[in-house]
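Consider the single chain below, provided in structure tokens and representing the form predicted on its own.
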Amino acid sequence: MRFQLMLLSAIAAAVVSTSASAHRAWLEPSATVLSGDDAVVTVDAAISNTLFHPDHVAMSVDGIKVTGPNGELVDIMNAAKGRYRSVFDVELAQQGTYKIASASGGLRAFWRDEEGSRKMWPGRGQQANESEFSTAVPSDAKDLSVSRGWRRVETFVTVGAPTTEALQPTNEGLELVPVTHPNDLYATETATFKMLIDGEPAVGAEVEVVPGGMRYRNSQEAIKVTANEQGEIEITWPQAGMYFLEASYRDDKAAKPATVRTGGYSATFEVLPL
């Protein structure tokens, strides 16, 4: 039992961590609100200890998907991966709002073999193929713990007037649905977002918002909120700047063979001065 509790704690921590020393995955666009007919945005993608300061490892761009104002996918351009960050361009040929996102997830299992060694499936950094579960995980595995979860990282960019087609949820994993448009955020004003888990209100989802620039201050200055019965949260932005929102969710309503459902979500927002 103790081993299972340790595994479940490790799973929750892997989905999302809000500790000061946690590695956070983020996408930071060079601009979030643009105008004109030939707009291009450059995006930094990294996993770091310090927000918006690449100091750990570059994020892979293989899973990056850009949804355009018409709901269709847009190719990224000029992608390059360095030691601490990846970078790519997005041509904003259409007027409206774009969602830039990376998402992954599925089943994950932990158990002990006959010698007592810790085993996991899929391997670290690998994507689960659910059809392989019955052959990859022994049916009589000792201390077996199986979870089903998704991790999503997003940011938003708008050219001209804001639109909402790209903001529609996939209904898979933990997601944020803007009530307040994500490119219409201003200092001292309150924004409302709705958290969903597999398309339903993520009641009780824990959310933390941290301002950028933490490299230059002693505290995170985090804002912590919990999703209400409708899955909604409200954030009052104390000042202009870049912000990182991170959310986590967990329950026991997982589809078999999992017994635990987890969700992790993060997004980068730009808050403008009034």
Partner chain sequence: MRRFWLALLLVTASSTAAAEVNLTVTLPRLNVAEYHAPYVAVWIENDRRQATQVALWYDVALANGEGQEWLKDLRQWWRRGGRSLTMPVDGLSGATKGPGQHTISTQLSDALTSLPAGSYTIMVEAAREVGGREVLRLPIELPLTNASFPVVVEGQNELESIRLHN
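Residue numbers count along the first chain shown, from 1. All values derive from a computational prediction rather than experimental measurement.
Keep in mind that the form predicted in complex with the partner chain is not shown, yet the notes after this line are about it.
Chemist: Candidate spot 111, 131 and 257, all three in 4.5 Å heavy atom range of the partner chain in the model of the complex?
Modeler: Not one of the three qualifies.
Chemist: Can you say which of 153-161, 193-201, 132-140, 70-78 gets within 4.5 Å of the partner chain in the model of the complex, counting heavy atoms only?
Modeler: Careful reading of the contacts points to 153-161.
Chemist: Tell me, yes or no, whether residue 184 is in contact with the partner chain in the model of the complex, where a contact means a heavy atom of each within 4.5 Å.
Modeler: Residue-level check for residue 184: yes, a contact with the partner chain.
Chemist: Determine whether any heavy atom of residue 189 comes within 4.5 Å of a heavy atom of the partner chain in the model of the complex, and answer yes or no.
Modeler: Taking the distances in the model of the complex, the answer for residue 189 is yes, it comes within 4.5 Å of the partner chain.
Chemist: Give a yes/no on whether residue 35 approaches the partner chain to within 4.5 Å in the model of the complex, heavy atoms considered.
Modeler: Contact check for residue 35: yes, within 4.5 Å of the partner chain in the model of the complex.
Chemist: In the model of the complex, which residues of 41-65 put a heavy atom within 4.5 Å of the partner chain?
Modeler: The stretch does not touch the partner at all.
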